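Read the single chain below, which is given as structure tokens and is the form predicted alone.
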Amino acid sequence: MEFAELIKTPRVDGVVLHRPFMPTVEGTLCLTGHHLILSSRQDNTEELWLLHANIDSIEKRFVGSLGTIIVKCKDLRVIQLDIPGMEECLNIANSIEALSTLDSVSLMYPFFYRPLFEVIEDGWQLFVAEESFKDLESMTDEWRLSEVNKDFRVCPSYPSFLTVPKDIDDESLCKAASFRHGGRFPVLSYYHKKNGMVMMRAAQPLIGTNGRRCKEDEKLINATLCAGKRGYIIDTRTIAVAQQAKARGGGFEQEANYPQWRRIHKAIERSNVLQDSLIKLVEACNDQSHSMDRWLSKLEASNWQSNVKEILTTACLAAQCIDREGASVLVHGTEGTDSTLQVTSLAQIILDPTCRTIRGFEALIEREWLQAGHPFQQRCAQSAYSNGKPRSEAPVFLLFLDCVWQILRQFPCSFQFNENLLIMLFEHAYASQFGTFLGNCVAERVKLQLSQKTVSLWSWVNRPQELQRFLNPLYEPNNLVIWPSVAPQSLLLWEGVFLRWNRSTKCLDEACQEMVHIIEYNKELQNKVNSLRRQLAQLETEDGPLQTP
């Protein structure tokens, strides 16, 4: 298919662009296969380059011969285009709708994007399982790297290499996989260096109404326990939901078959409920009624903050079991690709200071989201403004980023990165020139040949000139476990995402800039003090102790 077939009117002059907190611009609107571009000859005006993939929905309005298109984006931005001529407006609108809803992944912009920057470090090669396993090997010899899934047949949503207990052979892994939803048998997620406890993740066991069991599965998770120790199974579903799953062939671990494990049920919402929560939250944030009661009731009705609280609470529970109880943990929900990953990744941020550095956080997202099989292509196909009927869309990754922001806000000196990195990841998960978030699992990315045909997001982020934007000036390395508060009073609305297009951040940006200047000036003064101390020490060495009157 040629993009030209979908573009009925490629160019219109005299289009007026309205954007939040920016001056109105008049210029020429151009449509390409992947971008909506508005260019102006006015001095000091910024061009608009909007990826069609970033467009969630559009609305058309007409007053006489003047047409208006309201473009609602997946990054929650809303822009307005005033287009002279009804026919031109209709053609532009129809073209945008067609170009923003292409189903073929291979027609998406990352396959056509050619970077203008030099790729110093290939992001596709940064986080390979073999290298990560070397770090684990330096701490323990109880695990091995299995290639049982090298052709993705045992579990289509797992990567080729998986870390499993050393005493469990591949044949047992295959039998355990047949007992877990989607073949997602228990694998290592995190090793706690402090006490040797581990966190594993999986999908629900296929118990069914007949109470099926699998001795290989029981042996697999028991192999993670030290002698005389108990473990915790954290099921991210309520007991009622887990019971209902039995009727569909799923279920949960029976105490009689897993006597060394204590099961705990939590209440993290399913993906379809989360999408509705996001839609209601964004609607509340865009409400211009200025009524306090209306705002608070809409915010509460969205349940977004309740979802944040429940996810953080469950992650803290997992971290507490590992660090304070000295127990290993297995986390799963139904499929093991959504709430499970939220919990395992947040628990690691709480426990492991490495995950609070930029490179460590990138590795965490690769390991616990991209390689662990979170279906980004499905979950991020629509955002809060889409008119289409939701299929598999859900803001699972956005909720994870929101939880990270909550912890970052409570521990502002313990993270090497700032809020900008989290916002950037949210934007690129929904629409990007990079191939990192395309596909739903490693198998799909291999089939699409993303590492050969597209550029990795990490190749761009890790360039020194880009990294500066994501560095936290308050960062002081903290090797301790950090325990975030999950009290309702401690959890705030993430304004940097949900209110950034509704009110200006100019004053906040200026305050942040001033803070950076103060910190830099403080470092200069500290260097001068250190230099003077060295000079004084040198003088005392040469002349003997100075006599003070």
Partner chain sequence: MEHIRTPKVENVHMIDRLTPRKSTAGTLYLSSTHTIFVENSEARKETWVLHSLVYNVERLPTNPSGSPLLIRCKNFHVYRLLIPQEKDCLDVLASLTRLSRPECYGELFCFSFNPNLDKELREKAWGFIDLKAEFSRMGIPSNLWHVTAANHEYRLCETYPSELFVPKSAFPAVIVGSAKFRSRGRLPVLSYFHRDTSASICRSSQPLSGFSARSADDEQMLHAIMKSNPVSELMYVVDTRPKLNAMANRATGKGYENEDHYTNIKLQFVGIENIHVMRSSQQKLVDVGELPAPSMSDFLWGLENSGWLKHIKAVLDAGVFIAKAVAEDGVSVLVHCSDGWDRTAQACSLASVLLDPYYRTIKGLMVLIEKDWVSFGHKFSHRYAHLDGDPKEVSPVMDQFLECVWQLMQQFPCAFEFNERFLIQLHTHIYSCQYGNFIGNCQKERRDLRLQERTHSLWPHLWENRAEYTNPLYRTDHSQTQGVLKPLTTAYCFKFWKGMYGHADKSVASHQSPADCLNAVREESQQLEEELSAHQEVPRETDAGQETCPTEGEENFRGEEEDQQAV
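Positions refer to the first chain, counted from 1. Just so it is clear, the structure is predicted and the values come from calculations on it, not from any experiment. Take the two forms, find the largest set of C-alpha atoms that superpose within 1.5 Å, and that set is the rigid core.
If you look for the form predicted together with its partner chain, you will not find it shown, but the lines that follow are about it.
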Item checked: Contact residue in the predicted bound form, chosen from Thr28, Ser490, Gln42, Ser65 - any heavy atom within 4.5 Å of its partner chain -> Ser490
Next item on the list: Would you mind picking the one in Gln377, Ser414, Ser132, Gln80 that has a heavy atom within 4.5 Å of its partner chain in the predicted bound form?
Entry: Ser414
Note to self: Within 4.5 Å of its partner chain in the predicted bound form - does that hold for a heavy atom of every one of Gln288, Trp483 and Ile519?
What the structure shows: yes
Item checked: Proximity to its partner chain in the predicted bound form (heavy atom, within 4.5 Å), stretch among 167-175, 250-258, 333-341, 305-313 -> 305-313
Margin query: Given that its partner chain is not shown alongside this chain, does Leu532 nevertheless sit within 4.5 Å of it in the predicted bound form, heavy atom to heavy atom?
Written below: yes
Next item on the list: Please run the contact check for Ile279 against its partner chain in the predicted bound form: heavy atoms, 4.5 angstroms, yes or no?
Entry: no
Next item on the list: Spell out, yes or no, whether the shortest heavy atom distance between Ala227 and its partner chain in the predicted bound form is within 4.5 Å.
Entry: no
Notebook entry, point to check: With a 4.5 Å heavy atom cut-off, would you call Gln526 a contact of its partner chain in the predicted bound form?
Noted result: yes
Next item on the list: At a 4.5 angstroms cut-off on non-hydrogen atoms, which residues of 269-304 are near its partner chain in the predicted bound form? List them in order.
Entry: Cys285, Gln288, His290, Ser291, Met292, Asp293, Trp295, Leu296, Ser297, Leu299, Glu300, Asn303
Note to self: With both forms fitted on the core, check whether the Cα of Arg533 differs by 2 Å or more between this form and the one not shown.
What the structure shows: yes
Checklist line | Core superposition between this form and the one not shown, C-alpha change of Glu524 at least 2 Å | finding: yes
